[in-house]
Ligand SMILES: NC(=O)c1ccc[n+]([C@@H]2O[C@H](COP(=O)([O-])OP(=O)(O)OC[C@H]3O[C@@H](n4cnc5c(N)ncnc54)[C@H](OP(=O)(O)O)[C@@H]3O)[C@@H](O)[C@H]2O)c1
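One chain follows as structure tokens, the form predicted alone.
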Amino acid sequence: MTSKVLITGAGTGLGLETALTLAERGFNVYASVLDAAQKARVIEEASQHGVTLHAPIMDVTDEAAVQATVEAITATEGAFLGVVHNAGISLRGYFEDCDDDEIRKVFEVNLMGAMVVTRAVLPTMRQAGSGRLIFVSSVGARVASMGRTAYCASKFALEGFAESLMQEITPLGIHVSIVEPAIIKTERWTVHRGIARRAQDPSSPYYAWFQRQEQLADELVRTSPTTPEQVADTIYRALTEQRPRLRYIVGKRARLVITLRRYLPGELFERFYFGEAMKRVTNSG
């Protein structure tokens, strides 16, 4: 069986960590990147780790580029064993402070990008009668938070797509898995933080709350015990387990909050979890 794996958005953060981990474990990894600068970084990181990575430049929102890249690879080497849908962007800001173009961009990358890549790889997987599609989601797809309306909405949508897709293609021998990490310290919280333009405007009615929310988020990042290595290990499991699960939760905090929502009555969870979060941000109660 081929060991070829495509990872989208592999120029930084979780995607790069996963690419290096899989390459170290014997996979033939295609770590797609956005530009030449990211490609150079990926090649350098691979050299430092003593592995080889292919780094095609591919924007998941460019359907023609995705199709051309996938066809060029599969024409000579056959279907991918797995595709890790990691490409994603963040948008932080209260809903009224997020412009329509900013929200559309989040959905174009986080949801439509995954759909475009899936459409490109499915024909050869279907012909091979095997394959694994892994969608990197978030605890924010199970329990949403304020100040991340667009991002959480895109991840809820991504999981809905993955659940429906799973039912369509499992009979064809193709498995679907969703990986839901807790908050992790990566570039997502620095250079790729993705703050809405108007969220930093002091005249916004939400300005003070957003600043407080960002402080609380930074504290969660600083104290987070979850690591990129744990996510990479989980993706490896989803690629190699004989019976991969639909969902993999990564991190103790994510597991705790998802478990609480699963077992507490809805109104009780909403009153205590969401209620406490709102009080901490608004300094009310």
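Values in this document were obtained by computation on a predicted structure and should not be read as measured data. Residue indices: 1-based, along the sequence shown.
Omitted from view is the form predicted together with this ligand, to which the following refers.
Of the heavy atoms in P181, some are within 4.5 Å of this ligand in the predicted bound form.
When contacts are judged by a 4.5 Å heavy atom cut-off, I89 counts as touching this ligand in the predicted bound form. Interface residue remark: M58 is counted as part of the site for this ligand in the predicted bound form, having a heavy atom within 4.5 Å. Taking the partner from elsewhere, E187 is found to have a heavy atom lying within 4.5 Å of this ligand in the predicted bound form. The stretch among 241-249, 212-220, 256-264, 32-40 whose residues place heavy atoms within 4.5 Å of this ligand in the predicted bound form is 32-40. Contact with this ligand in the predicted bound form, defined as a heavy atom within 4.5 Å, holds for exactly one of T149, T74, S137, S177, namely S137. Residues of 5-20 lying near this ligand in the predicted bound form, listed in sequence order, are G9, G11, T12, G13, L14, G15, the criterion being any heavy atom within 4.5 Å.
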